[in-house]
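Here you get one chain, nothing else, as structure tokens; it is the form predicted alone.
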């Protein structure tokens, strides 16, 4: 008698969930493994384009695709919201679908903005991490005539950690093109005693900021903001006034993860850094921004995690041995201004090196949405 078909259930239809589902489909026979994805988004937005869209450097229409169109043949997409997770009984519940059982579950629910943690944020601040917010910021910048702009992040961690400095460099270029740079002060705030988490990259970025006349405020952990006086205050006691505040909102993992007992109040899930499984469960995995891994929370990270995990599950389903480990490998391209960029390669054991910037790297970044939708999301690369 043939062995029963295994069932893989993926929670989340963002970058991590979509890449994971499509890669797993490529690596497995549909007769051996059923793949279901549960998610509740209508459109899929390529967030890295948020550092270009507000300045008119990219058309936002090319950065969005219907979510349901992005799954390969053989992936069953369920548009629904998960309400509970029962690891002991290998099942989840979703609002309209009801109970769904699995043999393997991959949690790829990402994280969320927790603006409630910073009173006044919604009234005072702008950001570029969602399409709606990005388009609002584009309008705000179009109306800007000069003054003081503060750019930074409210806390750590955030999605795509290089994005704040990328945006800042693009802002500098945009203001120069509009003839407003001399009448505008750009202030960059960062919570650590450097301008980026990784020391090698931080030194490179800070030097560029100095050359471009961008004012840097290190060890600036946001404590409060006052929408009336237009002042941002830090836990360290520093105050920075602004005319336009562009602040990446506080992030947390999904509340469902906390409510289900998989995570603490931060919402991020503890996983084995080399095998991506949750605690001692050998069929429960976490990828993407939902993890608490000490590596970049970005689509590029999810890409490498999914490559490893798809191969692991495929090997188990087919009855083959699998001895590889995930080494934290990531590659990403970040903009440094003036139509130039740097490409960073790093892993758990290998720090990134920022040796030079180039226009070819910028072109790689500018075209990345095309590569993302046509190949990366599809599991082809």
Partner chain sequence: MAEKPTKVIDARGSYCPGPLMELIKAYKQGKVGDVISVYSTDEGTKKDAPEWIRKSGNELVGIFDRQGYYEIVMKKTR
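Positions refer to the first chain, counted from 1. Every value quoted in this text rests on a predicted model; they were computed, and no experiment measured them.
The discussion below concerns the form predicted in complex with its partner chain, not included here.
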property	result
Residue (of 210, 236, 270, 86) lying close to its partner chain in the predicted complex, criterion heavy atoms within 4.5 Å	236
The unique member of 177, 142, 215, 192 whose heavy atoms fall within 4.5 Å of its partner chain in the predicted complex	192
Per-stretch contact check against its partner chain in the predicted complex, the hit in 128 to 136, 296 to 304, 98 to 106, 192 to 200 (non-hydrogen atom, 4.5 angstroms)	192 to 200
Non-hydrogen atom contact residue 222 with its partner chain in the predicted complex at 4.5 angstroms	yes
Residues within 4.5 Å of its partner chain in the predicted complex, restricted to 139 to 164 and counted by heavy atom	156
